[in-house]
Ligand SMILES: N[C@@H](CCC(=O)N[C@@H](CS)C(=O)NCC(=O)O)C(=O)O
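We begin with a single chain expressed as structure tokens, specifically the form predicted alone.
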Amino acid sequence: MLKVYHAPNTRSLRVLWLLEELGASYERATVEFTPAYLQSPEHLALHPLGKLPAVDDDGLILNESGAIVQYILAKHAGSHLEPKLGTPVYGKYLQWLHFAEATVMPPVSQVVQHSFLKPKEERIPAVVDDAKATLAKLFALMERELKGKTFICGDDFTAADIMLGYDLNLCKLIQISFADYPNVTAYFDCLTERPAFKKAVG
């Protein structure tokens, strides 16, 4: 059985949310999000960089959230969480699936690092300001894309929404506001009302 190593508010939420949407069986191993645990030999054997997520699928260890999402979807081929392979909407789906980690998460991570994680004397306010300015542009892009849509790829919920939904949830937690973007706000509210999301964060 797939075992998911998880700590609240980390990228492992994407994996749990996906599994709950699929109704798949898995084991959740909640761990401490502390340097002591993350740098322990036990955890470094699962994730050499001392981060999360990490999953163990009968001995196969994976620890990139986007790759884990695609791996799980491949094992549940034909699920309702990704468009039909080779279609134009599948191309858009892949774009947004990877946009979440490759484009949105870097500035979010900069805000986290320079507002919470780094020692106060190492924090650089200008980095936070630049990151928030970048995020404003990304929210504006999402606002345009979501016009007339329920989800990022149209009327159907996909794994791309899980990837992006995690980003927006983290923004909310660290008080990066997207209140000026009504489509993004409605989208986030819709995502967080899903039963699978609530089970994943519970």
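Remember, predicted model here, so these are calculated numbers, not experimental data. Numbers follow the displayed sequence, beginning with 1.
The form predicted together with this ligand is left out here; the points below concern that form.
Novice: Only one of A159, L168, L52, C153 comes within 4.5 Å of this ligand in the predicted complex by heavy atoms, so just point that one out.
Specialist: The option sitting close enough to the partner is L52.
Novice: Among L46, L38, L138, L146, which has at least one heavy atom within 4.5 Å of this ligand in the predicted complex?
Specialist: Looking at L46, L38, L138, L146 one by one, just L38 meets the 4.5 Å heavy-atom criterion.
Novice: May I ask you to state whether T10 is within 4.5 Å of this ligand in the predicted complex, using heavy atom distances?
Specialist: It does: once this ligand is placed as it appears in the predicted complex, T10 has a heavy atom within 4.5 Å of it.
Novice: Any of the heavy atoms of D56 lying within 4.5 Å of this ligand in the predicted complex?
Specialist: So D56 does not count as contacting this ligand.
Novice: Check whether Y26 has any heavy atom within 4.5 Å of a heavy atom of this ligand in the predicted complex, and answer yes or no.
Specialist: The answer is no: Y26 has no heavy atom within 4.5 Å of this ligand.
Novice: Examine E101 and determine whether its closest non-hydrogen atom to this ligand in the predicted complex is within 4.5 angstroms.
Specialist: The answer is yes: E101 has a heavy atom within 4.5 Å of this ligand.
Novice: Heavy atoms within 4.5 Å of this ligand in the predicted complex is the criterion; list the residues of 13-44 that meet it.
Specialist: Residues within 4.5 Å: R14, F33, L38.
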